[in-house]
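Given as structure tokens, the chain that follows is alone and in the form predicted alone.
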Amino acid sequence: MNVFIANIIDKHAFLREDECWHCYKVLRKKIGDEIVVIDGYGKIFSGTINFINEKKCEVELIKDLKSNELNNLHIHLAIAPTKQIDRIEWMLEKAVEIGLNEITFLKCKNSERVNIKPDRIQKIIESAVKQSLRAFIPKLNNLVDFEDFIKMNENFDNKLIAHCFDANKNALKLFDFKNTKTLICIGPEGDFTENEVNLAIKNNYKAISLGNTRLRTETAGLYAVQAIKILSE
């Protein structure tokens, strides 16, 4: 079943213009065809097309499919983008399918990439949402300096940072992730600096271990999201 992002009003949905073009010109959908629509904020319906062209598509809603996502779990991944951006894009696609809720890209002392293309990243996120039949579109935040990000006062039940230094670190299984809002920070390919880790600890972050092997940045990010998701259920 094809999934599209739409503005849902009462018993009707109106596809975004880019979604209309894809629905009409690429997939060749026509009046009477059944599709699935989401609003990105938790609503998901099946419905039939009652008007369509390349700029407008109206859908009459038939059935509320209900989202099966754990709305009481929020996973926020803050990660430094890799030099080869396709590795992070791959990671992000899989993390969204698993259940990532929010992502922030970090500019760290050892970062090899200090820019991203938000429009491209947003498309990857939305594609993964539709592929996995999610009703919520994860929030994409702007690239931000690590020090500025770490000092933000947003409330989280768990604030975690993964690093490779020899130090006391907690295993993820020791944390309670059920019904929580969790933030986890993953560093660049050269890892966080000691000063960055110490700054995080001073701002109430807990240092965590992701196992006994050294992981690539994108592997660490995906590992963390999947582990938190499993441990929350």
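All figures in this text were calculated on a predicted structure; none of them were measured in a lab. Start at 1 with the first residue shown and count on from there.
The same protein also exists as the form predicted together with another copy of the chain; that form is not shown, yet it is the one meant from here on.
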- With the partner removed from view, which of 110-118, 72-80, 155-163, 132-140 is the stretch that lies within 4.5 Å of another copy of the chain in the predicted bound form, judged by heavy atom distances? 132-140
- Message: Quick one: F14, W21 and D64 and another copy of the chain in the predicted bound form, is every residue within 4.5 Å by at least one heavy atom?
- Response: no
- Query: At the 4.5 Å heavy atom threshold, is M91 in contact with another copy of the chain in the predicted bound form?
  - Reply: yes
- Message: So, A227 and another copy of the chain: in the predicted bound form, are they within 4.5 Å at any heavy atom pair?
- Response: yes
- Looking in the predicted bound form, any heavy atom of R216 within 4.5 Å of another copy of the chain? yes
- Task: May I ask you to check whether R28 falls inside a 4.5 Å heavy atom distance of another copy of the chain in the predicted bound form?
- Result: no
